[in-house]
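A single chain comes next, written as structure tokens; it is the form predicted alone.
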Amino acid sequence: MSSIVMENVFIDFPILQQDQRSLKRILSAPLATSRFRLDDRSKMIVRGLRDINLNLKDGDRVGVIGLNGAGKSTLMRVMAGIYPPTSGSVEVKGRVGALLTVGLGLRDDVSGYKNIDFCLLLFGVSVDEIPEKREEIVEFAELGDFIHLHVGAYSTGMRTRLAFAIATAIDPEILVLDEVFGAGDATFLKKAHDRMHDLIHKARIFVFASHAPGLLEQFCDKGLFLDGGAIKAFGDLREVTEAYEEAIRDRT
């Protein structure tokens, strides 16, 4: 059984450069609406997530919606194990496949070929599985001899092909997708589209963040509305979407 359980999760990010005038203005905002805080050492932080409580289980297809800066990407990175919580607990059962930032984990100073092994190990693929996965990735990415060139010399399209091929080579029980994951040039899109649909169908839990309610309806039946780093609504996708759209109207 796959599951994601988050209890009282907070994520805080330090603000390293602080202008005193801006600092005073930020701290003068009402605490109920401001996501900026001073930590125990009087250092400025921004609160990425606030008191997140969530329980996802087998069969859940969850669309995460919210305005820019709502905390969607941060939430996805917590689920993927990239960001540890500042406080609270996260328990994930099942192999996670995360399609987030293009090229996350790729090293510019080594070849595409060596990056494949590095990233597969990062994703938890066993050493015994790597040779077969590696050949599959090389074939899917269609980079030819460029696979032996260091990734720092790749074009954006080449880098995206490799990142997509690696990220989708595993068979995740939990699939986390942040926005529409671009897959390079037009000749590559059809193959990438088919693979994505296959992964979504096989995943036991699917979490998809997007600004577009219509896109979420294609793949999800539950919705999660994030605002200011906090969960405002969770449940039936249509009801959550309506709550999101109402919140937008109230602000205009």
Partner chain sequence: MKLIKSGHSSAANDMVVGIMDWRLWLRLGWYDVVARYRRSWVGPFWMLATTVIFVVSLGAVYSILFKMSLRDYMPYVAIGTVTWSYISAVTSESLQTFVEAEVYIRQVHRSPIIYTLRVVWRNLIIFGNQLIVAFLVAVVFGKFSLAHMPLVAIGLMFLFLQAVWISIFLGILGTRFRDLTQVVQNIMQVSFFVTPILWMPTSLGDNSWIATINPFYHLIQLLRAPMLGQNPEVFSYVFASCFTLAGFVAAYFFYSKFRNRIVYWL
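Numbering follows the first chain given and starts at 1. On a predicted model such as this, the values are computed, not experimentally measured, just so you know.
Beyond the structure shown, there is the form predicted in complex with its partner chain, which is absent from this document and is the topic of what follows.
For the marked spot (P84, R107 and V110), a heavy atom within 4.5 Å of its partner chain in the predicted bound form is present in each of the three residues. In the predicted bound form, its partner chain stays beyond 4.5 Å of every heavy atom belonging to I147. Its partner chain is not shown here, but in the predicted bound form it comes within 4.5 Å of a heavy atom of R77. Put simply, D117 is close to its partner chain in the predicted bound form: some heavy atom of it is within 4.5 Å.
Of the heavy atoms in F123, some are within 4.5 Å of its partner chain in the predicted bound form.
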